[in-house]
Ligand code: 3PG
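Just one chain follows, in the form predicted on its own, and it is written as structure tokens.
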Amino acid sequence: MKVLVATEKPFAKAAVDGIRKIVEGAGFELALLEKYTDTKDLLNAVADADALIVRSDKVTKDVVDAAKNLKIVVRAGAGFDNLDMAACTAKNIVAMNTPGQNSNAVAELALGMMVYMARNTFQSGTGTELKGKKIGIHAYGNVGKLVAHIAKGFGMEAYAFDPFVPADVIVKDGVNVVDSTATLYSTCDYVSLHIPANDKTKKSINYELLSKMPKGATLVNTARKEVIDEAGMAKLMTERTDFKYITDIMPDNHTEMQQFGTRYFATPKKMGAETAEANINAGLAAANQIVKFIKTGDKTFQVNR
């Protein structure tokens, strides 16, 4: 049984060592493909793999077709839009993610980004404090829950919208529940985005919704760039010189957005999971899930049901 770890951007050594210990301890073979620059390298490497672990690497239909023995692919992280769900399902390949392993890293980044924007990206001038401000959590999953918890430590008043989470669960955490995105955005000084990118959410964060936010509002996006209507965002920021946007997913219109100076910031690459702890946690979780699946058939974290 061969497990391939294919990472254009490699795991930390400690994570790789841990993955090796888990995989080889289960009696399986571990193969590594790191820092590859050509998709052909991935196609060749996956040809005889029974299981595959990736990070943000794209598992396309071509990859799936090349993997003649593949039974399971695990995306080490929460998002899984880099996996071709239809292709995996068509070949009876179980696709999984590792929810929760990167959550604290992303949550800390979101709050750090709020501080950065509140203090004028650390440029000269008078900034503002987070204490006493209202923060909206758009999607109250693993990350959203932690963002609310940390924000309350800053003295912020937390609100959340998530139709898939029971209201009593949110209220129990000391967070206010709202009944719509319109209410969330019109109420909060800061909104932290944690929704996935799918047919319903793509470009859903648009001009109309964002224009409801109060004066001096900031949108923090550590989710996916596809959920933002980028043209609408640029229009809003042109019209409202008080509005700020910060993200760890550089938008396609980054060059245009730079005209807004300290009201806009985007990291060159996605930074949410870029901590040593998250890197190790996600890698080890992926390895353990593969072993459990092959040994016992466990499909707890399958995403292509």
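Quick note: we count residues from 1 along the sequence shown, nothing fancier. Predicted model, so just to flag it, every value in this text is computed and none were measured.
The discussion below concerns the form predicted in complex with 3-phosphoglyceric acid (3PG), not included here.
- Contact annotation: of the candidates K9, K292, R20, K13, the single residue with a non-hydrogen atom within 4.5 angstroms of 3-phosphoglyceric acid (3PG) in the predicted bound form is K9.
- In summary, among the residues L70, A273, L42, V59, the only one with a non-hydrogen atom within 4.5 Å of 3-phosphoglyceric acid (3PG) in the predicted bound form is A273.
- K134 falls outside the set of residues with a heavy atom inside 4.5 Å of 3-phosphoglyceric acid (3PG) in the predicted bound form.
- Mapping the unseen interface onto this chain, K225 falls outside it, with no heavy atom inside 4.5 Å of 3-phosphoglyceric acid (3PG) in the predicted bound form.
- Residue contact with 3-phosphoglyceric acid (3PG) in the predicted bound form: N102 places a heavy atom within 4.5 Å of it.
- 3-phosphoglyceric acid (3PG) in the predicted bound form comes within 4.5 Å of a heavy atom belonging to A78.
- The stretch from 176-184, 70-78, 160-168, 192-200 that comes within 4.5 Å of 3-phosphoglyceric acid (3PG) in the predicted bound form, counting heavy atoms only, is 70-78.
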